[in-house]
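Coming up is one lone chain in structure tokens, specifically the form predicted on its own.
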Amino acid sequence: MKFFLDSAKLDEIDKAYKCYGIDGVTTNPRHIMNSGKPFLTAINDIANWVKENHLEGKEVFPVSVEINPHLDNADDMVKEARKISAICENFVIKIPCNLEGLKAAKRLEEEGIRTNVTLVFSPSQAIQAGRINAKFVSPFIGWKETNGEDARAYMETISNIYHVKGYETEIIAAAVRTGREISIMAELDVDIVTCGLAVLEDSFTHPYTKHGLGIFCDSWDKTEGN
């Protein structure tokens, strides 16, 4: 299972790549806003970071970039997607999973522009992303959990459908908020999890590790000859 980072902040992306070996980045309008930069500045900075780290290539280090969410027809979505994808070959275009978005994603994939069908909240939505051979599909986990829904069963259904049908679209478990959710996604054989830096780092820690290290340090200090 691969790990992507939810962020448009260069310092977070650089740290997550160099320290933890993340496999890609996902952004959305909220991440861009949190970066404190205008949209084009933020994505151009990420494109330059990709080049500086010699990660150029569609399959090397994908970076998902979302089109203007106000766009509500396929023609406009395709037009903007072409402009964004031309900035960096690593960019994968995030398209909302609605009727116009799916029309746009199908056209873009036929043109060779890779897409990430996002804001997916049901298995039936995920099926269409697989049918049109989108590069990625992003079913959201955290939002469903917050609403009291069973995200595990939902993701298991999507994963099973994709295996049975042989869809090549990679499943990104999006909006992951806890280490427990990450481990569940690994158990379900989901291709990718994406989360913020704080969630990623929290998933690598446990209070008993710190507690045990304290015991070992104390024992080390009390051992004769140290």
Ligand code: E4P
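The structure presented is a predicted model; accordingly, all values stated were derived computationally and were not measured. Don't overthink the numbering: it's just position in the shown sequence, from 1.
As for the form predicted together with the ligand, it is not shown, yet the points below apply to it.
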item: Shown-form site status with respect to the ligand as positioned in the predicted bound form after superposition (2.4 Å backbone/C-beta criterion, 3+ atoms); value: open
item: Which of 161-169, 26-34, 42-50, 55-63 lines the interface with the ligand in the predicted bound form (heavy atom within 4.5 Å); value: 26-34
item: Proximity of N90 to the ligand in the predicted bound form, heavy atoms at 4.5 Å; value: no
item: Interface membership of A175, the ligand in the predicted bound form, 4.5 Å heavy atom rule; value: yes
item: 4.5 Å heavy atom contact, F140 to the ligand in the predicted bound form; value: yes
item: Contact flag, K135 vs the ligand in the predicted bound form, heavy atom cut 4.5 Å; value: no
item: Partner contacts in the predicted bound form for 194-221 (non-hydrogen atom within 4.5 angstroms of the ligand); value: T194
